[in-house]
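In the block that follows, a single chain appears as structure tokens, in the form predicted alone.
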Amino acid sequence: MTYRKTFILAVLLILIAVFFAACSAPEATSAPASTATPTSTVVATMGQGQHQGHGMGQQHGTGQGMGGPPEGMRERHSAPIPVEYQGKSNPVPTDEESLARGEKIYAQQCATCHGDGGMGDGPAGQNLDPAPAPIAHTSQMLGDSYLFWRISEGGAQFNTAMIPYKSILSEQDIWDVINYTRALGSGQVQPRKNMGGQAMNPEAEAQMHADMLTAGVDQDVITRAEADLFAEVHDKLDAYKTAHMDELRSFMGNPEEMQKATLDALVKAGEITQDQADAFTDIHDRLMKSGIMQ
């Protein structure tokens, strides 16, 4: 009798062990191996700039536009200006008082990412992706309403680290800092040494532009003839923008629309042909898609 009880107990123990082994098997295999980055990590990475310092742009970006990778830059440059920002025009004259106010705001809110000279090389922006925009340069080519919108709302819409400033700065503050960044780009003012970073250098900009076209040819994205055409039309675009700066700053469209309007104006003035304008746009798009233009 004792032997039978012992045998039954042993069988029960074996059955219990098998049962628990079967139940634990799904737990061991329920989390398949994966090398994908968790969503929470991606979000945390995109928001790092908000902890390192405030920055106007982004995009920079998804480079150039206001900074950042090519896809992001294209998205920002073609994004329609929201209704509440359409028609915004800078009412603040670029006088000494505005530039002094703008300099102070820029030093406190922008230089840590965009650099003292507005070239996107501030210390807190070094590890941001997309990188902060070289706003001393880009602000020369963007209309009032577009700039006011981007500074007010920040870069969350375009996955950049730039925070919204509409709850931090007043409207006049924003216009003052726009005046100051444009003055940095035009050479009207020289940057003070606060956070570090280079001043805008037209010669260096021209060399970077030439290097970009050379890279496009070397990588078979464009031909040498296309590079020469692009450089020729680009020079005429720059000359037109310099001569019509006030008019372009009041332009109510996005950068893509501004470029088209400027090309159309050059065609109408007989400076370039429509074929040259179309070729310039095509080359521009290919350079951007390849990542060479940022």
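Heads up: residue numbers just count along the shown sequence, starting at 1. Remember, it's a predicted structure, so these values are computed and weren't measured experimentally.
Keep in mind the form predicted together with a small molecule is missing from the figure; the text below concerns it.
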Worksheet item: Taking the shortest heavy atom distance, is residue 155 within 4.5 Å of the small molecule in the predicted complex?
Response: yes
Discussion item. Would you classify residue 90 as touching the small molecule in the predicted complex, given a 4.5 Å non-hydrogen atom cut-off?
Written reply: no
Discussion item. Test of understanding: in the predicted complex, would residue 85 fall inside 4.5 Å of the small molecule by heavy atoms?
Written reply: no
Worksheet item: Contact between residue 179 and the small molecule in the predicted complex at 4.5 Å, heavy atoms?
Response: no
Worksheet item: Does every residue of 77, 138 and 163 put a non-hydrogen atom within 4.5 angstroms of the small molecule in the predicted complex?
Response: yes
Discussion item. Counting any non-hydrogen atom inside 4.5 Å, which residue from 183, 195, 169, 221 sits next to the small molecule in the predicted complex?
Written reply: 169
Worksheet entry | Candidate stretches 123-131, 93-101, 186-194, 213-221, one within 4.5 Å of the small molecule in the predicted complex by heavy atom | 123-131
